[in-house]
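Just one chain is shown here, as structure tokens, and it is the form predicted on its own.
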């Protein structure tokens, strides 16, 4: 074996020292570089996992918020429809009441106008009768006074 090492020009003492140096280098790199890099990668991996979980939670909350929004809109629409129906019914009731009141007022005004007309007619008839009576008396006086003059 020594001959093979000599043929290739390998110094076994130097080879052992280089292996020890390489082992020390690997140990130093493992302690000072590999562990911190792994720790940093682990921290980043945890941050990424947390970000993914937060994003999933945000998506879930967004879905819940949209469902709540849709529910609120449905309820508001239903309440609005109920209010509109109630307003229509109230308007119809008010319309009927107003029409009845207007009809009653019109009937009252018509009756009042008929009474005034009847009263005015009666007054005119009475005036006319008095005037006719007065004229008849004047005519009778005139006739009597002419008859007394002729005799």
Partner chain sequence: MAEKSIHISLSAEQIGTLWGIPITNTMLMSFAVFFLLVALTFFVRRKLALIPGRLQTLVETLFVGILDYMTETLGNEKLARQLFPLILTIFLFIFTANIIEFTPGIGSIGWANAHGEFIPLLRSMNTDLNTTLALTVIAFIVIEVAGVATLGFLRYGKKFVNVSSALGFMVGIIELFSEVARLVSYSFRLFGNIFAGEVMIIVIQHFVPIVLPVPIMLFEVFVGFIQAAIFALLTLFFVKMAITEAH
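C-alpha atoms forming the largest set that superposes within 1.5 Å between two forms make up the rigid core. Predicted model only: the values in this text are computed from it and were never measured. Positions refer to the first chain, counted from 1.
One more form of this protein should be noted, the form predicted together with its partner chain, which is absent from this view; the next part is about it.
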| property | result |
| --- | --- |
| Selected contact from 59, 92, 120, 42, since only one has a non-hydrogen atom within 4.5 angstroms of its partner chain in the model of the complex | 42 |
| Sole residue of 128, 135, 143, 19 within 4.5 Å of its partner chain in the model of the complex, by heavy atom | 19 |
| Candidate stretches 81 to 89, 26 to 34, 106 to 114, 66 to 74 - the one whose heavy atoms come within 4.5 Å of its partner chain in the model of the complex | 26 to 34 |
| Interface membership of residue 100, its partner chain in the model of the complex, 4.5 Å heavy atom rule | no |
| Exercise: residue 50 in contact with its partner chain in the model of the complex, heavy atom 4.5 Å | no |
| Core-aligned CA displacement of residue 13 at least 2 Å between this form and the one not shown | yes |
